[in-house]
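The form predicted alone is given below as one chain in structure tokens.
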């Protein structure tokens, strides 16, 4: 096993060059997993595997954006800082998700920060290798465009909610969306982030999140089973708040 520092990252971390980790990483990602086995094997040869400890910065604003980062195991939070230093959570990446896609098209700098929420392993593919694959396998480009469209839709939705919806509505719609994604037969789901991150994502404060969740429970819309596990009792009601 080779261990070395991967350049252009905020902290020192371990790169593990193992075929198994590369293969599982590539097979998780929608932009690659539609390819033939031989084609994925070709991509695997260009991949570097890197590990980050909880709280470690993978990249930060103004770092060169020259690689695609794919989450193999763990979880990554992507956030931006305003001029005043206020944090705005953009999204959370789970296994199979990726970031750094702007490196595909031009030499640029990161505009956001990527931080490991737990001990996390990622697969890294450099710009030049990616550009070669885009030319060789056009279907990858289509998959990336699909992901861009999805992210743009989510970003526009978030912006519209900030501008037009009250905090209660933002929280209710977020809970309804989590419930829909979980598709649990028991009507329960686990909040995908901490109250601090949720507050950053929804443009409010952790204290407001706690207070509004208590209000929703008192009104019979939800029931908090544990700190992060929530049961939806009245989905239609949540959607009308």
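Treat the numbers as computed from the prediction; the structure is a model and nothing was measured. Numbering follows the first chain given and starts at 1.
What comes next is about the form predicted together with the DNA, which is not displayed.
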Have a look at 123 to 131, 91 to 99, 167 to 175, 138 to 146 and name the one stretch with heavy atoms inside 4.5 Å of the DNA in the predicted complex.
167 to 175
Quick check on this chain: which one of 210, 186, 181, 33 has a heavy atom within 4.5 Å of the DNA in the predicted complex?
210
State yes or no: in the predicted complex, is some non-hydrogen atom of residue 227 no more than 4.5 angstroms from a non-hydrogen atom of the DNA?
yes
Can any non-hydrogen atom of residue 192 be found within 4.5 angstroms of the DNA in the predicted complex?
no
Would residue 214 count as touching the DNA in the predicted complex under a 4.5 Å heavy atom rule?
yes
Is residue 48 part of the interface with the DNA in the predicted complex - any heavy atom within 4.5 Å?
no
Hey, which residues along 135 to 161 are within 4.5 angstroms of the DNA in the predicted complex, non-hydrogen atoms only?
none
